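Quick setup: one chain, the form predicted on its own, written in structure tokens, and binding and motion questions come after.
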């Protein structure tokens, strides 16, 4: 084999894999946005076949030989191609340990599970989701051994979302946050809470949709390459750096819910749209890890979106969209309202301070599910107990409890800790960004271009061409969770005059 021929084969392989992924993504997007509820069976068949064909393509012995050949000629490859070979070799070794029939069955199962979960959530009945969730847990316990037999099963799953992170690391990380957040929360509970009643007036969906378009414009999304839809659970789906889709979920009596999910998903979209052209249609054309991805979404949502300068900049326009609802309300009042600290039931609507406590609940449950010490049927009871222990709230039903997230229906066990890590990464990015950029001066004018340019330079452009830890170091320096705790302490001490 000539090196030139091998490189051509490598490019063709990755483009074919991109095509399978794009087709699967399109079916998924259709299924959770506009497809009628009773249409999941046909998509399940198609998704299963696509997954099987992709598995067959990538797990073929000739692919192994190709990657082995390119690895031997590593010194002759560009750095970018070296990274492609490294990533593909890691994925190939992992995938070839998963039997094709199990891979296809799992793809079909996750499609089915999403529809079952939606129904169970709608009816607030965990027992309807329980049978399919049992299958998903068993699959993930089995797949964890395929991924890395040397690691504990849950560590292997965590590594799929944030390479290099394990339970020991996360236990220490969460312990640091808990030590700082809990006393701060208790001090805040002694203070008078800001009035947020105006957030819960009637906000027509059509006006919220126009407001969403405006928010995407402020964040700097090119609408020729990014559109917005509606789904039960907001998400971002990337096809390439010229085609990214985001969704939101509108609630007529809670304008902040969709407002901040749009800003959050826009942060994900900015990341994907900012990845360099020379990585497109390769395995490097995506965010490097879920923790880094969440650092971007939560940076835009909380650090920027819930800041006083940002709210002061957009509030006059917001009052144009909702003149009756926000009549007599000031930007300062709105700022305090959207930063109100109040232990709540639903993760995606949690305030910035208590958010990580929601993640800790899921982390503890996932650890026990995967090691077998917690049975699926006992999830509601354990969930409710932990919410009482960590957040001091009573869970009234499954819809507002263990059925609120779509992640388990999609098989994403080990994903949740990425949200908390991302929040912590973001706070440290801000600290470094402020040394080089007039962050609040520009944001206060409604101009996020300098902020986005810094993130683009330090993070977005690289896609997956660097290891996650190296991307974090590039933007954060040496990561220290205490920086996040300091950020929270400073922000909320000012808001509540502590």
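Residue numbers count along the first chain shown, from 1. The structure presented is a predicted model; accordingly, all values stated were derived computationally and were not measured.
Same protein, other form: the form predicted in complex with a further copy of the same chain, not shown, and the subject of what follows.
Mapping the unseen interface onto this chain, residue 55 falls outside it, with no heavy atom inside 4.5 Å of a further copy of the same chain in the predicted bound form. Shown alone here, residue 453 lies farther than 4.5 Å from a further copy of the same chain in the predicted bound form, counting heavy atoms only. Among heavy atoms of residue 479, none comes within 4.5 Å of a further copy of the same chain in the predicted bound form. For residue 461, no non-hydrogen atom is located within 4.5 Å of a further copy of the same chain in the predicted bound form, even though that partner is not displayed. A heavy atom within 4.5 Å of a further copy of the same chain in the predicted bound form is found for exactly one of 219, 226, 353, 188: 226. Comment: 27 to 35 is the region of 442 to 450, 461 to 469, 62 to 70, 27 to 35 lying near a further copy of the same chain in the predicted bound form, near meaning a non-hydrogen atom within 4.5 Å. Each of 49, 239 and 242 is positioned with at least one heavy atom within 4.5 Å of a further copy of the same chain in the predicted bound form.
Along 7 to 46, these residues reach a heavy atom to within 4.5 Å of a further copy of the same chain in the predicted bound form: 15, 16, 18, 19, 20, 22, 23, 26, 27, 29, 30, 34, 35, 36, 37, 38, 39, 41, 42, 43, 45, 46.
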